[in-house]
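Here's a solo chain for you in structure tokens, the form predicted on its own.
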Amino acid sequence: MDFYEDFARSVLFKLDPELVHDLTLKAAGFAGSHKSVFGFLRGMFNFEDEVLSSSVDGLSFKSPLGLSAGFDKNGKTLGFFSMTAFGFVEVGSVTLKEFQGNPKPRLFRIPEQKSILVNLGLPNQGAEKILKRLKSVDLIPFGVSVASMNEKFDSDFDRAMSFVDCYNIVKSVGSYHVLNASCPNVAKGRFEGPEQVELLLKQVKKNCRVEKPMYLKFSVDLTEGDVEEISKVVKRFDFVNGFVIGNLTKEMSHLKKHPRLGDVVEKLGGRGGLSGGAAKLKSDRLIKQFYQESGKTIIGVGGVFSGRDAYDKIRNGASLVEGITGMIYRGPAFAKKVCVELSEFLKKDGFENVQDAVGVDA
């Protein structure tokens, strides 16, 4: 019997999703700040196996599974997650200034699809405050996801500089950085057209000193043509190590007649996006395409609920994978469950290390 999946989840799912998220952050923050419980946490939630350890872009990870950006936007729970099977955590997305996000309610569960409808709009405490919190953190490898401000800009250049200014504040902390060009619920929408990507990278090259691995995060809604054009652009900027694939899908037309969410989708008017199960197949397809087109590192996100899901992404070309929605549906032992299952798949197929499986189906 699994206490969370068989009992606790049904209770928590009766409560407001954002309330549960906030309570979870507080509980994880509290547990992670008290070293007296670290041994207990390790026993409950950690799992390590040499077959899962890897080195990616000069960084070492005990497992290829990370906690995706969007869960801990302000970097308050790294102590807790260092005691789990997660190999790394991605903080953020962080913006230049503090932002409260979009009006509530802005999170909606879709259990039949194992998805979450997300319209948060980048709520976070801002780069300076988050920088101060993260300066002394070295408990677990972590990345920092950087986004532009959630506001209307006069031009794409101004928006690109919003990324640049934020990155220049937080670039000293974290093991790696992500430029999140694909948030689906901000004022001006995504910033992932090939021309926008080129503009952004030109400004990074001109105004930043990039000393740690950098990745670009794109949505799972890109077309094959988009992948080809973006890959061509990125190949001209050698400071980009790869891609995070991918952010939420905006394909929500099937929800317009949903008995509970139809009115919500109508009011959103195209804002927001779906996580989890709704993004899985698109994510797997894009991972393979970006791997084939670019040959760069891929961090795979979207619909990771099990070791099989993680394994599929790795075989398609992902060196690392991330999840959030899987933890909502499978509980605090999510990472341990996935890593145990993944290690079994790798050994069954004769792989001595997870890196040997990267891209074998691509």
Ligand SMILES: Cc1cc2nc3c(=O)[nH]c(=O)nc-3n(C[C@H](O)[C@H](O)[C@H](O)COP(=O)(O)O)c2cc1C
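Just count from 1 along the sequence shown to find any residue number. What you see is a predicted model, and the numbers here were worked out from it, not measured in a lab.
The following text describes the form predicted in complex with the ligand, which does not appear among the structures shown.
- Looking at Val137, you'd find every heavy atom of it more than 4.5 angstroms from the ligand in the predicted complex.
- The shortest heavy atom separation between Ile116 and the ligand in the predicted complex is within 4.5 Å.
- The ligand in the predicted complex is approached by Gly303, whose closest heavy atom lies within 4.5 angstroms of it.
- Taking the partner from the other structure, the ligand in the predicted complex has no heavy atom within 4.5 Å of any heavy atom of Gly143.
- Only one of 268-276, 128-136, 158-166, 223-231 lies within 4.5 Å of the ligand in the predicted complex by heavy atoms, and it is 268-276.
- In summary, among the residues Lys217, Arg109, Lys288, Lys250, the only one with a non-hydrogen atom within 4.5 Å of the ligand in the predicted complex is Lys217.
- Residues of 51-78 that come within 4.5 Å of the ligand in the predicted complex, judged by any heavy atom, are Ser68, Ala69, Gly70, Lys73 in sequence order.
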